[in-house]
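Here we start with a single chain on its own, the form predicted on its own, put down as structure tokens.
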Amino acid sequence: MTMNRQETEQLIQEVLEVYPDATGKQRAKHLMANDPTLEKSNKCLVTNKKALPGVMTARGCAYAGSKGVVWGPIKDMVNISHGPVGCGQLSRGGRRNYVTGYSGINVFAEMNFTSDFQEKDVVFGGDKKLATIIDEINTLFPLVKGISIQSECPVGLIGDDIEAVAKQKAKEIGKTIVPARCEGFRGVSQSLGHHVANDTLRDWVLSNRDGQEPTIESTPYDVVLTGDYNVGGDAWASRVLMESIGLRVIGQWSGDGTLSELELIPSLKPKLNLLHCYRSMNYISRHMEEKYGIPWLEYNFFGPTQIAKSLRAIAARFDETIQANVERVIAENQAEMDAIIAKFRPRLEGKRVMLFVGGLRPRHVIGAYEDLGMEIIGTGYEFAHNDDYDRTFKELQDGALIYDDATSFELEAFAERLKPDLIGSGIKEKFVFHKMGIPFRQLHSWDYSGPYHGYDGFAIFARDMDMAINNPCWKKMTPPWKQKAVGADLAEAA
């Protein structure tokens, strides 16, 4: 069972003892035992602060948040990585943002467009080179609908005027060009990159068709899916579910989404903006509500319990027809969900899980694990703000361990003491815990699997967790705590 608060707090103090005093005091502000009665985390937990120098962190940079998360999945735009080649190469295709279309013809999400900065570009500036690249893109790819300029670190240091280039070239080629000041060193983590991307969406895209009549008719059942990046097909699974209850999805932001969808939303005025990843897209959701009167609602499609809860919350915003459809869809899928749980729960019941991911996953997937009888003993975010933890307290058991921007040492120490049966985290942690003999699932991009959203996704989720934990390979490995126990027994016998 999960430790009580006192035991968790004692564990935290034991792990902190290895640090120098100053470092220990800083890290103590990022660790706590969960208290579900808390409403606000800002009095007990420090978040969104710079990681300590010399301490390993799993965070990414502002560029990763803008290009890698928000802008990158929009399929009919070209995203120019303005700077050295490495950032663009390492931020394309890795998150498995699925799209429909023909690569290089009408979709460009997995292609790498870069200004490939050299020493002379740093010395003399890259504005002219950037303008030339935009001309070349427009010539080579005539079906491209728009271009974004994703600035890398050197651009912020040398002062390239990407806004001026964007304005000038947009006039010349007649297409939307978005300059994103997302230099990697800006801000604390990729979270600022999300905010920058949301602001550029607000300033350079959403107002493009203000005052124009929409090109399609709106309906009373129009919705937008926001903050779903179609990792492994998640947005498709969510869209199918939305349409099965009678709603019309008129935009996906930004997985398998298009620039036209983004530009049309204000004039179509959907009845509800459905927000999946709160951390990355809450900024633009609030703006659309304030400026265009489009309300927003968070939803969670991980596991049958949360799916039913979210569907009913969505239906409450519509009429009796949608509400009746929701009950029908829940009932139609219940037998299949019961069968999945009957198959996998006996194999997973009581298994203990530690999570450490970005975005929404550290809290959204809790319900799916609990549907399978599994227990979350610790969770935390790489780049959360306090409002993320405010939402997490209620999802997590009393006394469970919470860690913000956990260091590599902390994660390994917590795992060694808590002895989890499964860890769900990112690619940077995967092979460390594999070598420790702990089953692991990569929860940023579903470890080459998915989707995990929706009823069909839960079947895949349950299968993957079973494969991870009950794989016979783990019987061939000895985790560190068992190695120490064997060593102690041998020493005593000697």
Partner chain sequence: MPSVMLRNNAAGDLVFYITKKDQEETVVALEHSGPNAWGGEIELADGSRFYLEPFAQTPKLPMTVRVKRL
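Predicted model, so just to flag it, every value in this text is computed and none were measured. Numbering follows the first chain given and starts at 1.
Another form exists, predicted in complex with its partner chain; not displayed. Remarks below refer to it.
With its partner chain omitted here, the record of contacts in the model of the complex names 284-292 of 358-366, 395-403, 284-292, 162-170, defined by a heavy atom within 4.5 Å. Judged against its partner chain in the model of the complex with a 4.5 angstroms heavy atom cut-off, the residues 10, 14 and 417 are out of contact without exception. 317 is the sole member of 309, 328, 347, 317 with a non-hydrogen atom within 4.5 Å of its partner chain in the model of the complex. Although the partner is absent here, residue 296 sits close enough that one of its heavy atoms falls within 4.5 Å of its partner chain in the model of the complex.
Interface membership of residue 352, defined by any non-hydrogen atom within 4.5 Å of its partner chain in the model of the complex, is ruled out. Under a 4.5 angstroms non-hydrogen atom cutoff, its partner chain in the model of the complex has residue 387 among its neighbouring residues. Taking the partner from the other structure, its partner chain in the model of the complex has no heavy atom within 4.5 Å of any heavy atom of residue 276. Residues of 21-57 lying near its partner chain in the model of the complex, listed in sequence order, are 40, 42, 43, the criterion being any heavy atom within 4.5 Å.
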